[in-house]
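What follows is one chain in structure tokens, specifically the form predicted alone.
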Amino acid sequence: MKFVTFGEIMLRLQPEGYKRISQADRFDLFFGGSEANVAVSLANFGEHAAFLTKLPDNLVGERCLKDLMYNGVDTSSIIFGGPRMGIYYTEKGASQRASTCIYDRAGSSITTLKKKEINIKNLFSGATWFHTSGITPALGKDVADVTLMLMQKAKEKGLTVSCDLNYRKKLWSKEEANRVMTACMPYVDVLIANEEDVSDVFGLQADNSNIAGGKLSEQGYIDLGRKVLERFPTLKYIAFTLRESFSASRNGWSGLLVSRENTTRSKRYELDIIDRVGGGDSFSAGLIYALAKGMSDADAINFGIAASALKQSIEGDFNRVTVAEVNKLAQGDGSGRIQR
């Protein structure tokens, strides 16, 4: 089974351990980006995962390419050119101190991507699923046009299309996000989001929830899912991640999958977080994998949330776990006992 993802991958620089940027005299290096993270997860699940992006034709781009290839991602559709790779700096939070991300991505190579550079036939050959996120069209008009075109072509070829709404206020306004993402929605089968994304982009809200206070209303999210499905009649599923933020180090974590027939809540995990970056992407990958394999709604949401729970114990953006490890947790073994 072949999965295709499209988006930007960036260079991530992070102080050692839990140091603040103001303390740092050296940085750890990772690569990551929403759709690249999904591709790596799917490759680690043993699937054919192809990633489309544009990288600078320099040593940094080559290093990134090697990292993707090492993780089993099909890089044959990646385009080279443009001036630079985007960078982001992370400062991991702990206890009551929140994590911080600082972006330096203006004018990155992907913003120069044009439709004519993409070989659609090769990209979608043998593919069954296409995934992207709301971050990608926020990078500029040309990238937004490419995103919409790829969604349209994927649907024409019979692929299932998923999108992680992933609103980023530092990239675009709520009004622009609403306009662009509303145009994309007729081509989306599976939408992945949280309450904030849906509120910011579509102006729809869950009742009786307070994210900052760690309060979640399951019924409020169910009602919100129904509102989204009603607004977009071609949508088959909306999946929510439900994060209860007690502190930067400890979160409640679960998921909700809403279809036109069913609503399914996952198991709930209490996480001692090592690295939350990429947690939502690993959920997306787990859910995509499970739905593509024909799992029931209950099994699919539990597989996705278990994959994501494991990711948040791993440094870096990429989720380096197998299907067997996810199934073990999803089926109830979360003891953390040593494996011999």
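All residue numbers refer to positions in the sequence shown, first residue = 1. It should be emphasised that the depicted structure is a prediction, and the values quoted were computed from it without experimental measurement.
If you look for the form predicted in complex with a further copy of the same chain, you will not find it shown, but the lines that follow are about it.
Using a 4.5 angstroms heavy atom cutoff to a further copy of the same chain in the predicted complex, all of Glu16, Asp67 and Cys101 count as contacting.
Taking Gln205, Ser76, Asn119, Ser247 one by one, only a single residue has any non-hydrogen atom within 4.5 Å of a further copy of the same chain in the predicted complex, and it is Ser247.
The partner is absent here; in the predicted complex, the one residue of Ser95, Thr234, Gln152, Ser173 having a heavy atom within 4.5 Å of a further copy of the same chain is Ser95. Under a 4.5 angstroms non-hydrogen atom cutoff, a further copy of the same chain in the predicted complex lacks Thr112 among its neighbouring residues. Under a 4.5 angstroms non-hydrogen atom cutoff, a further copy of the same chain in the predicted complex has Glu91 among its neighbouring residues. Using a 4.5 angstroms limit between non-hydrogen atoms, Tyr269 touches a further copy of the same chain in the predicted complex. In the predicted complex, a further copy of the same chain sits beyond 4.5 Å of every heavy atom of Leu52.
Of all the residues from 48 to 81, those having a non-hydrogen atom no more than 4.5 Å from a further copy of the same chain in the predicted complex are Asn58, Leu59, Val60, Glu62, Arg63, Lys66, Asp67, Met69, Tyr70, Asn71, Gly72.
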